[in-house]
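In the form predicted alone, a lone chain appears below as C-alpha cells.
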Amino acid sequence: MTDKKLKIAIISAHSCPVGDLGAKDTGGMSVYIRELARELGKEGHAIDIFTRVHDPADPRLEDLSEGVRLIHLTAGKEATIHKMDVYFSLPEFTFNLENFWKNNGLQYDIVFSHYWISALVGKYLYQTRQIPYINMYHTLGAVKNAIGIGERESNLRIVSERETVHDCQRIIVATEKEKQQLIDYYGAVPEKVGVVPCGVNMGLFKPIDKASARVKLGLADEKIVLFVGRIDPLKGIDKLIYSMSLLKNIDKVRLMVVGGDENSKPELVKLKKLADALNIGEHVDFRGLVTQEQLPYYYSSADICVVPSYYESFGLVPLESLACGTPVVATDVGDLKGIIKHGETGYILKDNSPGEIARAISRQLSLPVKDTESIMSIRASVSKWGWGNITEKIAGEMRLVLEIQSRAAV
C-alpha cells in the first residue's frame, strides 16, 4: 500500500484554486490546494480538482501541472456568487460531477474535500459510491462565531460541519489547536483527526535583492510595513492602521496593504476612511490584488510583514514572508508561535491591540538592516515546511484511511 500511486478527487466547490488570490473567497485554501496537488502530481499520483464555473470564460478542463487537472463544473450562475448560493447549487454541482465521472470512465481511490460546503459533496459520494472522503475545513464556523468579529456564520454551516465531522473518514487540520477546537465545538473523535501543517513553495518564495524589488514596485527609500491577505474584519487590518498612527517616525514609514477585490470594496472604503481620519492616509498604500508570482517582490521589499489577525487556521503569509527572509510580527493565532522564532525572526503578540502592534513594529524597524547571512538564516528557519515534506505526510494520511477501509472489508 505504501508504494501505490493514488487517484485523488479534490473538491473545492466554492473557491477556485486558480482564482485571484486576496479576493473575498480566494485565500490560503486556494494556495494550499494548488501547491499540494502540484506536489502530489510530481510524486506520481493522479489528481483531478473539481470546482464550479466562476466565469463563462473558465476552461472546462485544464491541465495545471504534471498529473493534475482542473475541472470546472456548472453550478448556478456562471459568476462569483455568495457562498450560501454555492450551497444551494450543490445538487447541480454533484449531478454534473457524477456525469463527468461516468462519461469519462473515472474512478478514484479517495476524495479530499475542502471547506464545509465541499465536505457535503464528499459525504454524498461516500454514501452513494463508498469512496472514502477526508476533509479539511480551513476555518470553523463555531470558532468564528465565538470570536464575534465580522459576518456571523449561519446555523446551516455549524450543523453541516458537525455532521461531516462525524461522517467523514478522516479530518486533516494544520495545528493541534484546531484539532482541540474540533473536539471542543463538534465532539470530534480525536483518533480521527490528523495534524499536518501547511507548506510553502520554497522555490517561488525566496529572497530578492531589496533595492531591485523596490525599483520593480516603484517604492521610495523608506521603511515598508507589509500586510498580505483578504480584506476581512477577521484580519484585523483596522488595528494595524491604528498602530501606524502611533509610530513616532511615521513620516519615514509606509504601510502596503496587498489584497482585496470588487467584493471587498465596502471594507476597503472603511479602512481608507480610517487612515484619513488618523491623518496617515498618505502613508497607507492599498495595492489591491497581486499574483502569487509577484508576491516575493513585495515580501522582499518590506522591512517587516504584519499579521494582526483575530483568527487564522494556520498562517501561510508568515511562512511566505520568512521564506523570503523578511521578519514577521503576528498575533498568537494558528501555528504562528511554532513558525516565528520570537525575538529572532519576528515577534508574537499577546493580542492585536494597536499599542502592542506599534511597539513590535518600532522594535523591529529599529534593528540594523539585515545582511545576506541574516536573511538566509530567516529563510532557513522555515525550510521544514517545504511542500515536499508536507505532501508526504498528506499521502500517508490518505493511505491510512485506505488501509483502515481495506481491513474493515475483510
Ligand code: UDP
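Quick note: we count residues from 1 along the sequence shown, nothing fancier. Note that the structure is a prediction, hence the values are computed from the model and not measured.
One more form of this protein should be noted, the form predicted together with the named molecule, which is absent from this view; the next part is about it.
| residue 299, heavy atom within 4.5 angstroms of the named molecule in the predicted complex | Residue 299: contacts the named molecule in the predicted complex.
| Could you tell me if residue 281 has a non-hydrogen atom within 4.5 Å of the named molecule in the predicted complex? | It does not: once the named molecule is placed as it appears in the predicted complex, residue 281 has no heavy atom within 4.5 Å of it.
| query | Could you tell me if residue 239 has a non-hydrogen atom within 4.5 Å of the named molecule in the predicted complex? | reply | Outside the cut-off, so no.
| request: Considering only heavy atoms, tell me if residue 157 and the named molecule come within 4.5 Å of each other in the predicted complex. | output: No, residue 157 sits far enough from the named molecule in the predicted complex that none of its heavy atoms falls within 4.5 Å.
| request: Check each of 268, 290, 196, 202 and return the one that places a heavy atom within 4.5 angstroms of the named molecule in the predicted complex. | output: Answer to the contact question: 290.
| Residue stretch of 340-348, 28-36, 53-61, 369-377 approaching the named molecule in the predicted complex, non-hydrogen atom distance within 4.5 Å | Every other range fails; the passing one is 28-36.
| query | Is every one of 10, 14 and 114 in contact with the named molecule in the predicted complex, taking contact as a heavy atom within 4.5 Å? | reply | Verified in the predicted complex; spot residues all out of contact, no.
| field | Residues in 293-316 close to the named molecule in the predicted complex, defined by a heavy atom within 4.5 Å, in order | value | Going through 293-316 in order - heavy atoms within 4.5 Å of the named molecule in the predicted complex - the hits are 295, 299, 312, 315, 316.
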